[in-house]
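One chain comes next, on its own, written out as structure tokens in the form predicted alone.
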Amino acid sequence: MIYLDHAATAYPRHPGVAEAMLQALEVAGSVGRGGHAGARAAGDLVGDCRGRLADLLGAVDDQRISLFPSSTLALSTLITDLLGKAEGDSHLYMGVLEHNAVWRPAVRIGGEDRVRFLPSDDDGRVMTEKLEEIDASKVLGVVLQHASNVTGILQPLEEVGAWCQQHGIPFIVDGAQAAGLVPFSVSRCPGLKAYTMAGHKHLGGPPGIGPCWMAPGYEPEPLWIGGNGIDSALPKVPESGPGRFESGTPNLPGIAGLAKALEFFEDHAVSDRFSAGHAQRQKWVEALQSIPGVEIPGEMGTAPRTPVIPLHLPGKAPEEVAAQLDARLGVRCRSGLQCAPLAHQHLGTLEAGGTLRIAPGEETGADVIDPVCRALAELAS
């Protein structure tokens, strides 16, 4: 197998994840449900995970990190809250490359007329010099991917955040494709109100955990409520803190697995991972661009990117190319729209059925580039 689908989910997970999850299944208790030893042990696992996430994000208070079942649910919660405050001619602004985790809840709750797009260049990167052309008084909030899951392009978060802060606009970032791979500190991004993550991608943990950091004082309405072991006599959830967003029995094995995965960052700097990923991407791009009949949409500028590369073979269905690569070499990569039709509309690949996405990981050897490119050359011709 040649695994080139790291933008979908990490493989293999970081060392010890599966063992930590199995051990968590043996914990005889649940978080916040009693004061006995089992409940305390469960609470310790959750606390360990929160603390490690806070360290990774440069967050001062780990109680500002909530553990959602997924990044998608975290984003739905945040977007539902923003659009629930919509009045008159106000709009939610987002990037042109957004994932359906942003686009779909925005349209479902507010309708397409309530959505506007930030000015962006051909690559889909926000043109910060044009933000002042937007009437900030009519902006409900801004939601923006940190890194695109289609092209890997990084957005200028600090500049967009500074504009949001200047005008008192809530700024939410979808960090699913960046957390654990792209150096970032929530304390250094002005205007940032929330940063969502996917535990199963570059954090190296299991699916089922979507951490979300929220700024002090930012308390959106929870999407679901129920028991959480906190102030159970009251008819409402806490006004602040993780318990506001963690009603129901938490996924303790998933949390324990993510906490174990985060130990990886004790010995591996995120900046080093990003530098290695950038160098790896350059090798792939150089090799792919030398193949006649293979195009890389959105590869126009020099903005930094994660190791995600979309490919278009004119006249070839992405699904068929992916199937052939799998049959010939055991290549596992993503074809189609990658849950991001907005991105493909911007890149001009929507009607072609999307692209073939190459997403190598840090354990992907350079020795696989040549055989994959040879196979693509044969398919292209």
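Heads up: residue numbers just count along the shown sequence, starting at 1. What you are looking at is a predicted structure, and each value in this text was computed from that prediction instead of being measured.
The discussion below concerns the form predicted together with a small molecule, not included here.
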- [ ] Tell me, out of T72, Q280, S90, N251, which residue has a non-hydrogen atom within 4.5 angstroms of the small molecule in the model of the complex.
- [x] T72
Task: Contact residue in the model of the complex, from A101, L78, M214, I153 (heavy atom within 4.5 Å of the small molecule) - done: A101
Open item on the list: Suppose contact means a heavy atom within 4.5 Å; in the model of the complex, does that hold for all of K316, S335 and T355 with the small molecule?
Closed with: no
Open item on the list: Quick check for you: of 252-260, 170-178, 82-90, 125-133, which stretch puts a non-hydrogen atom within 4.5 Å of the small molecule in the model of the complex?
Closed with: 170-178
Open item on the list: Test of understanding: in the model of the complex, would V143 fall inside 4.5 Å of the small molecule by heavy atoms?
Closed with: no
- [ ] Would you please decide whether K201 lies within 4.5 angstroms of the small molecule in the model of the complex, comparing each non-hydrogen atom pair?
- [x] yes
Task: Interface membership of T306, the small molecule in the model of the complex, 4.5 Å heavy atom rule - done: no
